[in-house]
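Only one chain comes next, encoded as structure tokens, the form predicted alone.
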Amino acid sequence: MTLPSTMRGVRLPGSSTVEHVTVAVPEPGPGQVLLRMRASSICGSDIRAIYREHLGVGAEAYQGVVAGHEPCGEVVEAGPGARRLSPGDRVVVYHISGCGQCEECRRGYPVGCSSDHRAAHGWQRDGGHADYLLAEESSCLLLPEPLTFVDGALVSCGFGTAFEGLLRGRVSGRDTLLVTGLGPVGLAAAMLGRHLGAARVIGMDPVASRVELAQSLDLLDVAVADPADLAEALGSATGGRGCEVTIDCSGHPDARLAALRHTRHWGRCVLVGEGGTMTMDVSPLLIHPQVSVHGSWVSSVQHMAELLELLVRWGEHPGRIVTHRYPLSEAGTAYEVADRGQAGKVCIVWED
């Protein structure tokens, strides 16, 4: 196919604004592929650290590139040395490219790459809010049928983050799972936790619309909209013993503390919500109940590939949590809706 020389794109200059730009369509170099974008969802970190104001510093700062770090599309051109992917392949993009040589990259976690070569789509290199995306072949995972492009976009960060956190918590059928924060990552954690076998899933969020969405999707056994009601709800559900696994997806200090406080003796508490602080009385909350606390950041490439396979096996579609879809031309509205914090997932999509 003949590709255009220019394409539409979106940048985030800060101050809760969206800038529409026209930029050149890139050409894939050695080991790279060019993707036609089909879905690009909005992450909470895009809102918090770029859209409202640019919070990153140094190598982690937003570099004024095309935004969007949850991309999914199809290969239209493969560069020299690309051996695995061909035009027409549907792919999910692991959104951080690393050096491939440091310890974190060799573990399969480019998100923790310690090299100057580390670059995240939508932060330090062009992301998915454009008609085409240049990606490293090594960062791309085949999107299996019958998953949709929207499903794939959600896996590229949010669902991958939730899955990794649940793996750290070793969720199984022996466990009651508490999810604090029912934004998109929390909804993903509740959905995946049920599939991983959690005996019961309890969710808490002070935003009533998010609790209602989780209930409408049949993700929760117990739903709590008022944090003041959480202790009583958990007391009834667990006989006062707490939950074997808790996961905070909000980053809010009160929610983190609630997750830790309601972790059962010898249980596991996982923190995936970014930002903020946490202050606790260490002995009664950590040492005496012998609780394990895990920090979990995004996912490994291998775990993301595993998740894609499991979603097909389970017959599950992450896109179920998407409440708003917009074309690229309405990216401003998409970001406004996401910024209100009342919706499920918001996604930019391209129609055939």
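Note that residue numbering begins at 1 and tracks the sequence as displayed. None of the values given here were measured: they were computed from a predicted structure.
Below, we refer to the form predicted in complex with a further copy of the same chain, which is not included among the displayed structures.
Worksheet item: For this chain shown on its own, do 173, 199 and 279 all sit within 4.5 Å of a further copy of the same chain in the predicted complex, going by heavy atoms?
Response: Every residue of the spot touches a further copy of the same chain in the predicted complex.
Discussion item. So if I measure heavy atom distances to a further copy of the same chain in the predicted complex, which of the stretches 259 to 267, 227 to 235, 203 to 211, 178 to 186 falls within 4.5 Å?
Written reply: That would be 259 to 267.
Worksheet item: So, in the predicted complex, is residue 294 in contact with a further copy of the same chain at a 4.5 angstroms heavy atom limit?
Response: So residue 294 counts as contacting a further copy of the same chain.
Worksheet item: Does residue 103 reach a further copy of the same chain in the predicted complex if we count a contact as any heavy atom within 4.5 Å?
Response: Yes, residue 103 sits close enough to a further copy of the same chain in the predicted complex that at least one of its heavy atoms falls within 4.5 Å.
Discussion item. Contact with a further copy of the same chain in the predicted complex for residue 310, defined as at least one heavy atom pair within 4.5 Å: yes or no?
Written reply: It does: once a further copy of the same chain is placed as it appears in the predicted complex, residue 310 has a heavy atom within 4.5 Å of it.
Discussion item. In the predicted complex, is there a heavy atom of a further copy of the same chain that lies within 4.5 Å of any heavy atom of residue 58, even though the partner is absent here?
Written reply: Residue 58: no, not in contact with a further copy of the same chain in the predicted complex.
Worksheet item: From the list 147, 223, 167, 76, which entry has a heavy atom within 4.5 Å of a further copy of the same chain in the predicted complex?
Response: Checking each option against a further copy of the same chain in the predicted complex, the one that comes within 4.5 Å is 167.
Worksheet entry | Interface residues of 300 to 317 toward a further copy of the same chain, as seen in the predicted complex [heavy atoms, 4.5 Å] | Heavy-atom contacts to a further copy of the same chain in the predicted complex: 301, 302, 303, 306, 309, 310, 313, 314.
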